[in-house]
Ligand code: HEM
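Take a look at this one chain, the form predicted on its own, written out in structure tokens.
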Amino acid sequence: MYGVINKSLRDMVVEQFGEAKWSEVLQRSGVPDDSFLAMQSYDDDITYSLAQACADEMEIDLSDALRAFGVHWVENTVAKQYETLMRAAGSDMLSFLGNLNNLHDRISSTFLNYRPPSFEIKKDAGEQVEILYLSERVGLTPFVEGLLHGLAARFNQEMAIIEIVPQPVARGEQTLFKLSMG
């Protein structure tokens, strides 16, 4: 993953718990240095180690830590660093979700060897929306859940996740999110 992810995780911990807690996270994770370069690619294991160390330090499940990080990503990192791209992707949650793959395509030229997830969005005649999340990475479904909650808040959209259905795949992760949007 890219340094921007690790920097954002650091920012979340420091904003909520202080520098000393981040030092404890680094020590627990075994990650030697927190001077991540935003546009540089780092081994995914570094990010996973940091996330697990955050969960352990806060004495919460990794899933809860990833959900909180997803919300933080939307409310803080994206709002500060990618606001122009966010606005260009849609003025409401449904149009934004429909443009997620285009958004990832637009930023792919910025990051070398970029491996973004993909999303398939289906809306029925009512207020139900299905989002199929596909990624070559495993374990990030709770992060996506947090992203959805963060996006709902950003767009002032009532949203409830009705069901999260993991889908079997040979490699990576595929999850179906069923949403109610009022």
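Note that residue numbering begins at 1 and tracks the sequence as displayed. Computed from a predicted structure; not experimentally measured.
The next section is about a form of this same protein that is not shown, the form predicted together with the ligand.
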| item | value |
| --- | --- |
| Partner contact for A65 in the predicted bound form: the ligand, 4.5 angstroms, heavy atom | no |
| L151, heavy atom within 4.5 angstroms of the ligand in the predicted bound form | yes |
| Interface membership of I107, the ligand in the predicted bound form, 4.5 Å heavy atom rule | yes |
| Residue contact check: C54 to the ligand in the predicted bound form, 4.5 Å heavy atom | no |
| Check all three, V78, F96 and F111, heavy atom within 4.5 Å of the ligand in the predicted bound form | yes |
| Sequence-ordered residues of 1-26 touching the ligand in the predicted bound form, heavy atom within 4.5 Å | M1, Y2, V4, I5 |
